[in-house]
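Let's start with one chain on its own, the form predicted alone, as structure tokens.
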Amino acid sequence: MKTAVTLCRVAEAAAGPFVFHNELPIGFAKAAAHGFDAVELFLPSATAVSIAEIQELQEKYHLQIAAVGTGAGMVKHGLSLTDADPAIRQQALDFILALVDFGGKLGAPAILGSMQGRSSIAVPHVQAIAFLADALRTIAARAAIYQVPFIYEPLNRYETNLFNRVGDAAAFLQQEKLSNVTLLADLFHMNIEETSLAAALTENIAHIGHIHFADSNRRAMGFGHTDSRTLYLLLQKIGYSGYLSAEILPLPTADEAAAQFIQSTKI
């Protein structure tokens, strides 16, 4: 398994669960100094930084790009794929596709989390799921051009009412025959929604392509009550070889959170 750390450049997400909020050269330097294999980028848009700048930083610090988040579309612009307004749904789709192109040129997948939105009185659940499925088909096809998957993340009930559990999301992908879409298993969300973290990971490992390795309180593993050692050994046993990414709160400080995260993976 490989390690990644989140680098956030979205001002509106300053209080979010991202480790480093510095300018990218500083963030890359810190990631390398702590011993991470890669960074996970959370950018304001696909045009916020050039591909060349990212590649230069990668070469300088010997880091991969684990994934590119799309959540700025929601936190900065209020866009979602399940909005009642078709014009806003199209804007959301275009925003994500641009980040798929950005990540794809770097050999990295993009992630759909908060931009999935939710059902509402204006958009009943069945309709919202249909909107989501249609959007995922379009996005996954774009990602396939770059030979990378697209990553869909089930969120906890306080953030979406579409899919909250990994197994339900996996069933949705199968029922809709959605190819080139993989799941992000975020242990913080799973701590809220799953009956058993171990069972959810084991039963759905074939669909899981990325993991946010976060403790029960969204801090680094070891700072909450999740049994990180047991889960790490389980992931080894069931053959997970992707990234364990630190989408965690920068507490007590960003550097302490990063150091603790790395320590939690030294088993």
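Note that residue numbering follows the sequence shown and begins at 1. Predicted, not measured: the structure shown is a model, and the values here were computed from it.
Heads up, the form predicted together with a small molecule isn't pictured, but that's what we're talking about next.
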item: Contact residue in the predicted complex, from Glu193, Glu176, Glu159, Asp134 (heavy atom within 4.5 Å of the small molecule); value: Glu159
item: Answer option from Ala128, Leu155, Ala108, Ile151, heavy atom within 4.5 Å of the small molecule in the predicted complex; value: Leu155
item: Region of this chain that lies against the small molecule in the predicted complex, out of 162-170, 182-190, 87-95, 137-145 [heavy atom, 4.5 Å]; value: 182-190
item: Interface membership of Ser80, the small molecule in the predicted complex, 4.5 Å heavy atom rule; value: no
item: The small molecule contact at Arg219 in the predicted complex, heavy atom, 4.5 Å; value: no
